[in-house]
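A single chain comes next, written as structure tokens; it is the form predicted on its own.
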């Protein structure tokens, strides 16, 4: 069968190859992949700066954002049947089966020895067929259709927003305003989820005010900020929640100035720039004096995927085609190389396996 693989840490190693079709073991299902989304993590794996193949394999099958159909059910699988459309979660418990992993929240793994499909020591779903443990599958309602390929990145946002609200139970808190730094898939999805919660939402990026990203923000009732015209550091407004989704150190540091008293900021990026902050003492002082809080969020678990399904249906009802507009490129598997080339107006690229 055909599979899209990489050989980290080699650079530009993504290619299409023939590999053996897997067989489901006890508790597993065989999946026929329908589509996969390509994101920054996939591109970083291709750049050789991230990713790890499974033990004994020289390559890693990519694809952690996936939509699939159940093709075959292994022994002792009771909750799924052939033909079910599903989205597999990404992270699997550590081999030590730590407290958090064995209670269903491996996104908070205590050992760091977890496995991640298509990223870390576990093959992904960018192949014609793949296997997954049945316990980590999310059944998709028919009305979502192909849009469910967005469920994995949405689950990341669901966790970030849920944790923000959970953390703020440290006090009486009724947030009204949110600021999202970045208008890629995560930033735009965060804008939608925060709007569903009734917040006034600003979203900032470098594109012009008539760009697709700006239009999506406005169409869901948000306010778009072009940071080339209005740099974040020039803004005087303060916000209750700030979501940083660019992975850029400079943007993250500037966004700290947006935090109001008793506010919270969630970081979703991986920050690789080596840049010192000359006034970091001032940053820390402001955090202390304002009771402000910063935290990082990575991965997600089944509960966040389930939240995502409910919110996807509500986004469709309230904002019509907002989710459809996130998918800016639909490629066939044979054209996979195009997914690793950035285009100016690109938001989310999907590769179809049908």
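Because the structure is a prediction, the values reported are computed rather than measured. Positions refer to the first chain, counted from 1.
FYI, the form predicted in complex with a small molecule isn't displayed, but the following is about it.
Stretch 37-45 is the answer when you ask which of 23-31, 37-45, 287-295, 310-318 has residues with heavy atoms within 4.5 Å of the small molecule in the model of the complex.
Checking 232, 259, 147, 119 against the small molecule in the model of the complex, a heavy atom within 4.5 Å turns up for just one residue: 119. Checking 156, 220, 252, 101 against the small molecule in the model of the complex, a heavy atom within 4.5 Å turns up for just one residue: 156.
Contact check for residue 90: a non-hydrogen atom falls within 4.5 Å of the small molecule in the model of the complex. Put simply, residue 240 is far from the small molecule in the model of the complex: not one heavy atom of it is within 4.5 Å. Contact check for residue 50: a non-hydrogen atom falls within 4.5 Å of the small molecule in the model of the complex.
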